[in-house]
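Next up: a single chain in structure tokens, the form predicted alone.
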Amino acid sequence: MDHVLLARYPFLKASAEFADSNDADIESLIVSPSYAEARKRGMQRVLDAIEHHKVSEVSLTSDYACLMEVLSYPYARILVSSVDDRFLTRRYALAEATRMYDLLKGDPAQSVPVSKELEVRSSIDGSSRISMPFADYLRYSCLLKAAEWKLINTELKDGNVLMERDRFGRVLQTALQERIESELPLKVPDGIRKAVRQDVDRVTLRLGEMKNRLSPTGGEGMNPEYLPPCIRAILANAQNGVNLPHSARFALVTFLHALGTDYDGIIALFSQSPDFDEAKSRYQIKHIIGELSGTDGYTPPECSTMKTNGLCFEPDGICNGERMNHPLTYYRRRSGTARKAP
């Protein structure tokens, strides 16, 4: 099989067989000087995911370069698994899947072979379009929020969805992302963790820097001065022992979690409520922030949802400003303005 093709799609079974045929086992990958380029490229795959949402391309001009590219994939997975951060895992999965999607746009003939690898049932119909069972389509398109992906906006024939190859590539992107997320983290032996510790530390540092940049608080913790009126009112009621409706509890927990407040800080706040039930609150809070499901948890509701739930209290000038549609946007705008003040 074409070695360049195996390098471009390193998740293929044939890619692993290519590595095996060159006697490239995991122990050699981790410690051998012969595979230093693979380790360097594996590190780059992870850093690309953190910084750019997509794994970058490299020149594949020789069988050696192809082998290094194939081996960089398992090394990247070892690094991601060793860090064991759900946010990083999802970001890495997206980066690998986005890279594959871009490759398929330039080489659409690979769509069906790749789909077989990902166990996505598909075939080519008489017009050279891709046909796939509508049940399979629903499984992956449900993660795509745009209206164009709704089943009602597709062409159906004999229980199958018909689509162009580029559109099918987007379905495969979702399938690969889902597969990588389900496979990671791997169980990494202590010996391997020790050997890759320096690279893991570098990834962890870069990840922390990126999280701080993305955080509404810039990694500085919550400042009550920047809270939107709705959250400020709900928080005051909670601190004063007022029983909150479920929608208000949900909004407060998700907002505080988005600002970096941990479980202990949130449960301490709700312990002041007169109907506080520790066991029940523990379950509800951990479910909302994702500790029970191993996810990043729920996101805070938008302003429109807050209004629908009767939780929009005394909106101020910022609330009524242009493009103000989310409590977190309010916090970012207030905190950003405050940082620029002399």
Partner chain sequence: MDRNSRFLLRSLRKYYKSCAPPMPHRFTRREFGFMFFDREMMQRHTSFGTQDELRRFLISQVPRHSYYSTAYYRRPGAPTMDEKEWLGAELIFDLDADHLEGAGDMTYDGMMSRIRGEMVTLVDSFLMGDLGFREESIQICFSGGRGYHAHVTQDDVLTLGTHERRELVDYITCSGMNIDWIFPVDHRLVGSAVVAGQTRRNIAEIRRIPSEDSGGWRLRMRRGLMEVVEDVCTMEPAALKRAYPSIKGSGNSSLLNLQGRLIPVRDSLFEKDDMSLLNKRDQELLVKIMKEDKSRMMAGEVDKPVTPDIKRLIRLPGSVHGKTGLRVSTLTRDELGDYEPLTQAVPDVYTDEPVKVTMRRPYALRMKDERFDLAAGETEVPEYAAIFLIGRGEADFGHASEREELAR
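Keep in mind that what you see is a predicted model, and the values were worked out from it rather than measured. Residue numbers count along the first chain shown, from 1.
There is another form of this protein, the form predicted together with its partner chain, and it is not shown here; the text below is about that form.
*Asks:* Which of 190-198, 247-255, 102-110, 148-156 has heavy atoms within 4.5 Å of its partner chain in the predicted bound form?
*Replies:* In the other structure, the partner sits against 148-156.
*Asks:* According to a 4.5 angstroms non-hydrogen atom cut-off, is residue 233 in contact with its partner chain in the predicted bound form?
*Replies:* Close contact is absent here: in the predicted bound form, residue 233 is far from its partner chain, nothing within 4.5 Å, heavy atoms only.
*Asks:* In the predicted bound form, does residue 134 come within 4.5 Å of its partner chain, counting heavy atoms only?
*Replies:* Residue 134 belongs to the contact set for its partner chain.
*Asks:* Is the gap between residue 139 and its partner chain in the predicted bound form 4.5 Å or less for some heavy atom pair?
*Replies:* Yes, residue 139 sits close enough to its partner chain in the predicted bound form that at least one of its heavy atoms falls within 4.5 Å.
*Asks:* With heavy atoms only and a cut-off of 4.5 Å, decide whether residue 86 touches its partner chain in the predicted bound form.
*Replies:* Output for residue 86 is no: heavy atoms all beyond 4.5 Å of its partner chain.
*Asks:* In the predicted bound form, which of the listed residues (91, 121, 202, 211) lies with a heavy atom within 4.5 Å of its partner chain?
*Replies:* Partner contact (heavy atom, 4.5 Å) among the options: 121.
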